[in-house]
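Coming up is one lone chain in C-alpha cells, specifically the form predicted alone.
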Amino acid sequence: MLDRKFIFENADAVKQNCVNRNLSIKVDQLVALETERRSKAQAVQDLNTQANAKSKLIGKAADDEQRESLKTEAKKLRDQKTAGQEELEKIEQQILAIQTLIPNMAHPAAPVGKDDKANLEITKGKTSPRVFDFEVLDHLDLGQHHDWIDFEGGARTTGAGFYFLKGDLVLLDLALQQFAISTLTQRGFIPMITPDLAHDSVLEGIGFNPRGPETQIYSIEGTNLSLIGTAEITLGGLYSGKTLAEEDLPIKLCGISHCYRTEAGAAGRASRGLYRVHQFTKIEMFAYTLPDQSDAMHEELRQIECDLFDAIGVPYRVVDTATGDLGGPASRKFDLEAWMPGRGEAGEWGEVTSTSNCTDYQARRLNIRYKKTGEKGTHFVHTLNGTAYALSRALIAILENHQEADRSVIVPEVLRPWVGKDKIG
C-alpha cells in the first residue's frame, strides 16, 4: 500500500492517479479521518500525561482524603484515555479500509489511458509473423488432431476448463520448463518449487482479493488458505515480516508452481482452448531490490522475457501498459504479446507474459524491509515480478507458429535436447 503520510501530504496527486486508473477511491475521506486521528492521538497522549502526573502525586498526598481524591482523578483520566484509544482504533480501521484500496502511484513514463487500447507498443521480437501457404489450425484443433489435449477427460474428472496434456505435448511442456530454469539459473536466479497454497493474508499483501464474488482465487472452505494464481504470491510472501541485509540485495528467485484461477467472466474465441484455463504451470521470476535498483531490474526482467521467446522463434511485441490497465500493486508493467496465427481470420496478438515493478507497495503490506549497514532504522524493499513462461500460453504460441502443412509441429531448436526429436506429430 502507499505510505499514509505520502497520501496525506500528496492527496491531489493520489486522487489524479486513481482517476488515471479508472478507480473511485475516497481519498478526501481518508485525509479527513487522518486529520481527526492525529488530533485524537494528541488528546489521548495528553490524557495519559495528566494521569501519570496525578499518579505520581498520590504518594506525596498530605492525608487520606487528598490521596483518595488524586486516585479518583487519575482513574477518571485513564478511563477517558481508554475511551479515546477505542475511538482511535475505530478511526484507524476506517483509514486502513480506504488505504488498502488505493493503488500504487503509476510510473511517470507509464502511458495514461483508460484501458488496454492505450497501451504503447515499444518493441518487437526478432522473429516476424510467418506467411503460411496452407490453412492454419489453431492450437486446440492441432492438439485434438494429434490427441495431445483432452478437455472432455478434464471435464469428466474435474470440470469445465480443466484438461489433460498427453504424449509429445507433455514433452514440449517439460522442455520449456527445463529451458527456462536452465536459462534463469545461469542469470543468477535461485530456482524454487513453491507451495500451491498460501495464507489469505499473503494474497492480500501481494494485492489479490481472495474472497468475494469477483475474485479469481479458489479458496479452501473452513480455512484461511487459498490456491495460488501465480508463484508471485508465494515468492512474495517468502520474506514477509523479515528484514533483509542491504548487501544481500538484489535477491532473484524463479519459482515453478501450478496456478489456479476461476477465470470468472472469461469467454469468447480469444479464450478458446488453453488460453484461459483453471489450472496451468508457470515459471515465475521474482526480485527483491533496493529502491534505486528496481527500474534497472524491471528492464532486466523484460529483456529475459524477450530472450526466452526469441529463443523459441515466436513473434511478439512488447507493450507499455496504460494506467487504466495496470493492476493495483504495479507502478509500471510491460506485457509481451505473442503472435497467434490461429486466432481470428488473420491471427491476433495474445498476452503471454508480463513484468511489473511494484516498488514498495507489496513490501509495505507484507512488512518486508532492509537494513543499511551502520545505520539505524530500516527501509522497505522494492519487489518485482515477471513471467518466464506460462506454459499453456507458450504451448499455444509454439504449436500455432511452428505448424506445418502436414499438421506436424517443428520443435524449436533450443528445446530439442529435452524433447528428443526435431518434430512432433
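Residue indices: 1-based, along the sequence shown. Under this definition, the rigid core comprises the largest set of C-alpha atoms superposing within 1.5 Å between the forms. None of the values given here were measured: they were computed from a predicted structure.
This next part talks about the form predicted together with the RNA, which is not shown.
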| property | result |
| --- | --- |
| Of H107, R78, K166, H146, the one that lies within 4.5 Å of the RNA in the model of the complex (heavy atoms) | R78 |
| Interface residue in the model of the complex among K126, K71, R276, R317, criterion: non-hydrogen atom within 4.5 angstroms of the RNA | K71 |
| Partner-facing stretch of 355-363, 41-49, 385-393, 24-32, counted where any non-hydrogen atom is within 4.5 angstroms of the RNA in the model of the complex | 41-49 |
| Contact check for K5, G59 and K371 against the RNA in the model of the complex, heavy atom at 4.5 Å | yes |
| 4.5 angstroms heavy atom contact with the RNA in the model of the complex for T378 | yes |
| Interface membership of S55, the RNA in the model of the complex, 4.5 Å heavy atom rule | yes |
| After fitting the core, L395 CA displacement of 2 Å or more between this form and the one not shown | no |
| Core-superposed C-alpha of R130 shifting 2 Å or more between this form and the one not shown | no |
